[in-house]
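Take a look at this one chain, the form predicted alone, written out in structure tokens.
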């Protein structure tokens, strides 16, 4: 198989797979390089599956709203697999007056951007979801938010991309990008050399050290988050849940199990040397929080826990952008835990950038050069 293609994508998560699929649909030749032995074994398979517009930075809202309105409702049909998408609302819960202030601010900023989201009382919350405790005094409610299955969606994009001729290489850890005649051209792994007219870097936090090899730095850091899944429970509610402090989030799956994510605030004690290892502190902490919100789950049995790293950008939104200083290089990283819900539209936008087409949405807020010093 050839090591040359029109586009080389570094990163086999849902962003990389969605970009590969959309490029292949347009007839482009594509190679995807994934450092892990498995596709999607980073943030793409280690997130809560939220497809939400509420609670986002206003700069991200156009991407989220476009995905929810135009792409998620038809994604199962397009990919030929049930991605378990549910558009049945998101309750972002509050238990204190401080929480309500946070939620009111998020709601005000979102409604100013045209999103259908509103503040509701504790009684209204329990009318929507009677399983929530009396401790909840209010929430923001976005009826068009929802959730989907991140594992199935990622593999759906992967399989469709392969059907269209995309070459995926796993176990290929990228160590360097090289310029040829001033343009990003070669991708050097520990085993091989690949070449492309355009190079898309969508490798989560690892993107930072990869693009440093061509003199580019992305101001981001990584943070460990953990999640857990329960045994199947009787059907209870379809909404996606979150909290004002974002200390836990989750939903009930089609299978009946609950998937919840969160943090303990003690991630620094996890001396995992960069592996996706859970700690003994976080899951109990998440569970104590869940029981206060949903008492009926107190005796639910946890099947497993897992952990993964978010790539957090300094200003809270991703970098999705060509790099003027390095022609041929396109960045798609620093998604700050918000990547899954917008991945369908990001895949389209990256394909348009790589083929030098007009993007369907204005992407100026996500440009890499927003971090340049103002002189």
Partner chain sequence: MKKINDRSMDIGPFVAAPDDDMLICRCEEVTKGEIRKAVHEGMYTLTEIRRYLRTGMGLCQGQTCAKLVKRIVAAELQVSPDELEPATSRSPMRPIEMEVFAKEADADE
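Owing to the predicted nature of the structure, the values given are computational and were not obtained by experimental measurement. Residue numbers count along the first chain shown, from 1.
We do not show the form predicted together with its partner chain, though everything after this point is about it.
Comment: its partner chain is not present in this chain, but in the predicted bound form one of 76, 305, 243, 144 has a heavy atom within 4.5 Å of it, namely 305. With the partner omitted from this view, the residue of 55, 339, 40, 49 that lies near its partner chain in the predicted bound form is 40 [heavy atom within 4.5 Å]. Stretch 163-171 is the contacting one of 163-171, 136-144, 206-214, 179-187, since its residues have non-hydrogen atoms within 4.5 Å of its partner chain in the predicted bound form. In the predicted bound form, its partner chain stays beyond 4.5 Å of every heavy atom belonging to residue 127. Contact check for residue 284: a non-hydrogen atom falls within 4.5 Å of its partner chain in the predicted bound form. In the predicted bound form, its partner chain sits within 4.5 Å of a heavy atom belonging to residue 290.
Interface residue remark: residue 231 is counted as part of the site for its partner chain in the predicted bound form, having a heavy atom within 4.5 Å. Taking its partner chain as it sits in the predicted bound form, the stretch 173-205 comes within 4.5 angstroms of it through a non-hydrogen atom at 190, 191, 192.
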